[in-house]
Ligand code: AMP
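Encoded as structure tokens, the following chain is the form predicted alone, with no partner shown.
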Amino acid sequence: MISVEEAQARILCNSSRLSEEQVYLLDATGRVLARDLRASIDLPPFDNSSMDGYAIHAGDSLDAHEAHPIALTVDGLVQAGHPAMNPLPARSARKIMTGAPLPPEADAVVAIEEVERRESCIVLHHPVKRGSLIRQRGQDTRQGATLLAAGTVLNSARIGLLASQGVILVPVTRKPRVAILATGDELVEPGQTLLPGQIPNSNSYALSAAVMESGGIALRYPAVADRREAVAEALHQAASEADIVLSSGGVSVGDYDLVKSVLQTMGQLDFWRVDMKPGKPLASGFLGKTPFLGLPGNPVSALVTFELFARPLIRSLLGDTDWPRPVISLPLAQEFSEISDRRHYVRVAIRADANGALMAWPTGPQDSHLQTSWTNAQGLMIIPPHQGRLPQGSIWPVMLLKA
């Protein structure tokens, strides 16, 4: 068996970012930027007021104080979207709205609530600093500066930044096509009548959803029967149509666990066991040049191994430079017994105690077939082997399942 870290490294070592495609700005939400983008304009593109107020010459206010107020003549109004072309005369003030361009020669803004208005004048009772309440041109970004780097995941704030630069088409990495096959004579489609010994093919749907959540395109194939020729045909077709092939089931040591042996015949098997729980039987290799991951058949094992190995591969092909999940240290909310001889990824919910402190709560029995324990999980508590009893309050690393 190899460690989780070595398995991850071996799976990712030959991965490289997929090709670029152009998408419209809103369609780029959640996508990964394929190359650096530089600012095409200064942002803000001109000096403007950060509040409703009056544009002035700061020097005209230097001697203002309560005992010696200074009056400035109001000579007009500047609205947002309507630049003032005329310079501001000395000892004058021009009313200005938030976001409006600063009049030529003005160098400060005083807020409306900070002045006294008298007919055609404003009265200042204190000096105003040069640059006060002014958003300087290029304060946010300068033309030519790197706006966003390749590998950046585009969220709402970054979409807004691109829009502020007038970007309409965005270069993103194309989504990897991920073929998903579940193996087993016992599998039938959800909604079909179950005959004795049959179960719904939930893994195909769960893994398809996980692929889409990870940024890939899910290609879900029909369940594959436990026959060597059926497995070989399905893997051959999947490898020809996808960037990654994922299977579930058939990678252990049972008489009908055929996926691993077919992979060895058709392609290349790199490794097939990882020192972890759940998910020890994991086959990794290639079908031609297409990466292949054979996940365990138990539902939770399939999803945990997807999280640790398939998701990083998908994010790597997307060029995501920040794919690892955050890991934080949390106290255990209740006693937990751990007797595994492998590293255990314990499903936990994360909730605050009565004092508001976050704690990790195991989601119940940790058997790998118990799907309900995964549906409530917000993290995986990482427990080294041979720990025995874990006392309440003991602190352990928790990998967050959603950033």
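Quantities reported herein were computed from a predicted structural model and do not represent experimental measurements. Start at 1 with the first residue shown and count on from there.
Heads up, the form predicted in complex with ligand AMP isn't pictured, but that's what we're talking about next.
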Indicate whether P299 is a 4.5 Å heavy atom neighbour of ligand AMP in the predicted complex.
yes
Distance check, T305 to ligand AMP in the predicted complex, heavy atom within 4.5 Å
no
Close approach of S202 to ligand AMP in the predicted complex, 4.5 Å, heavy atom
yes
Using a 4.5 angstroms cut-off on non-hydrogen atoms, would A182 count as touching ligand AMP in the predicted complex?
yes
Work out which of V153, L187, V115, V170 lies within 4.5 Å of ligand AMP in the predicted complex, going by heavy atoms.
L187
Quick check on this chain: which one of P278, P103, P291, G250 has a heavy atom within 4.5 Å of ligand AMP in the predicted complex?
G250
Work out which of the listed stretches, 314 to 322, 194 to 202, 137 to 145, 267 to 275, brings a heavy atom within 4.5 angstroms of ligand AMP in the predicted complex.
194 to 202
Give, in sequence order, every residue of 124 to 141 that has a heavy atom within 4.5 Å of ligand AMP in the predicted complex, or say none if there are no such residues.
none
